[in-house]
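The chain below stands alone, shown as structure tokens; this is the form predicted alone.
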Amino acid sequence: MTWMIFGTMIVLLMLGFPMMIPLIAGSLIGFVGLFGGFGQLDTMVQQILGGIRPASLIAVPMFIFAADIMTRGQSATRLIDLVMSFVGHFKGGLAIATAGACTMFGAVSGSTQATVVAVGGPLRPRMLKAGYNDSFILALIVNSSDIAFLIPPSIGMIIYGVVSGTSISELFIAGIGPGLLILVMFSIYSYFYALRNNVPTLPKSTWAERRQAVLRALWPLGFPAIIIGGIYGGIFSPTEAAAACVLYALFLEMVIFREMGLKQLYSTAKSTGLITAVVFILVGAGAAFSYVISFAQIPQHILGSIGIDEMGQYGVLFTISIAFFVGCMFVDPIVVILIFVPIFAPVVQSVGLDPVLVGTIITLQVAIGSATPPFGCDIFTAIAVFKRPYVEVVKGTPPFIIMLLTTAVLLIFFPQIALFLRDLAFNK
């Protein structure tokens, strides 16, 4: 039964079907095989509907909508100009500003792909003009977008929290430390890259220009204040913070900046609706698939075959890291979270691992896999946005992947990188 389920899914994927089809097909085969016919398909429908029922999932379309509004308006550009005014004149400053802008936009969007579009669009031409190699630029943008998956709000953390029953508020704050660590690593590498390749520096902004950039960015900087301050100040739940972000984004772009009219709002809402539909179909199909593999005790068979029950906490964390990293090299991150989290959940609980630490490591590995060849989804987003060939997009990625994997290893051995702020915020 196990080989039939996964074999069918692999064949359908290789034939080019979208991921929702293999997931539904695998669930259908499982239900028919386990219950001896089509009599229990109502249970499958119940599992699909149950998968999209958690109220926390409402935050996903709202954060997507807010990010889409900001990308089409002035918020993203003003945040980029703010970072540029302070670090643009350093050696490698433009590259450092790109990584910093990805971090700041991640703090208001939670989406790696939205960050590639919002930050990469305006900054790539500037970096090309400054003398950076295009393969370095593309790799920097694609991999810096991983920071958006860690800095709250993170759509990946929301999905993980729903599937695993972990506090989304705790996951959000645990992602800040690793996200800032990655930013520091990328900034140091950018400095030495510019030094080695003799990339010229930009003129230093005057304090008057910096003050102007700060004033222009004050409104967009309200987003992290709403999300982080609202959640940890006890004002909002994560879902309510998402709703507040949408309202704030509309207020900025339609009233303050006057960049968006009703026609643009309609097209933005339509785009968000299409993305949300795909995400929710994947979540529902993933819930049905998780029910099948749990009922058939497939996780116990798979993990037992690799001897994970005899591993300690470090062994379990390394196994989880490898599984999620490799999985996201081939499949959409949300799907990998939906399939793998229920498989590893019993082991995580049995060895006494902190689910927030596990969720942070999983989110990081998912983000790394999303930007890693051969099929990382952020790579294809960059190909579509920048209209560059596949080889050119992936050529400069190895140094960044090494830095990201180094961060993942540091998280395993030094969990306080993620848990310090969580413990501080929640008095643990």
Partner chain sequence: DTWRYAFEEAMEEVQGKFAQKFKEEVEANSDHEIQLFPFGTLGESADIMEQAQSGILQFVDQSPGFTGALIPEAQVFFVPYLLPEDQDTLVEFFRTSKAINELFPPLYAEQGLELLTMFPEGEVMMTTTNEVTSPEDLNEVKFRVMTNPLLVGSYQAFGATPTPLPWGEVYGALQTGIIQGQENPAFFIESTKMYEVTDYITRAGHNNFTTAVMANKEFFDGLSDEDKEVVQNAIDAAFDYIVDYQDGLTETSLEKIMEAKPSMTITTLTEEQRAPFKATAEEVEAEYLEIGGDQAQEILDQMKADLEAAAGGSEG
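All values reported here derive from a predicted model rather than from experimental measurement. Residue numbers count along the first chain shown, from 1. Heads up, when I say rigid core I mean the largest set of C-alphas that superpose within 1.5 Å between the two forms.
Missing here is the form predicted together with the partner chain; even so, the following discussion is about that form.
The partner chain is not drawn, but in the predicted bound form it has no heavy atom within 4.5 Å of Ala97. Contact annotation: Ile231 falls within 4.5 Å of the partner chain in the predicted bound form, judged by heavy atom distances. Put simply, Ser350 is far from the partner chain in the predicted bound form: not one heavy atom of it is within 4.5 Å. The partner chain in the predicted bound form is not approached by Phe186, whose heavy atoms all lie more than 4.5 angstroms from it.
Of the candidate stretches 81 to 89, 216 to 224, 337 to 345, 201 to 209, only 337 to 345 has residues with heavy atoms within 4.5 Å of the partner chain in the predicted bound form. A heavy atom within 4.5 Å of the partner chain in the predicted bound form is found for exactly one of Ile151, Ala101, Val116, Val162: Val162.
Contacts with the partner chain in the predicted bound form, taken as any heavy atom within 4.5 Å, map within 234 to 253 to Gly234, Ile235, Phe236, Ser237, Thr239. A movement of the C-alpha atom of Gln47 reaching 2 angstroms or beyond is seen between this form and the one not shown when the two forms are aligned on their rigid core. When two forms of a protein are overlaid on their rigid core, residues whose CA moves 2 Å or more are considered shifted, and Gly359 is not one of them between this form and the one not shown. Once the rigid core is overlaid between this form and the one not shown, Ser237 counts among the residues whose Cα shifts by 2 Å or more. In the predicted bound form, the Cα-Cα separation between Phe63 and Ile320 grows by 3 Å or more relative to the displayed conformation. By 3 Å or more, the C-alpha separation between Ile58 and Ser164 grows in the predicted bound form relative to the form shown here.
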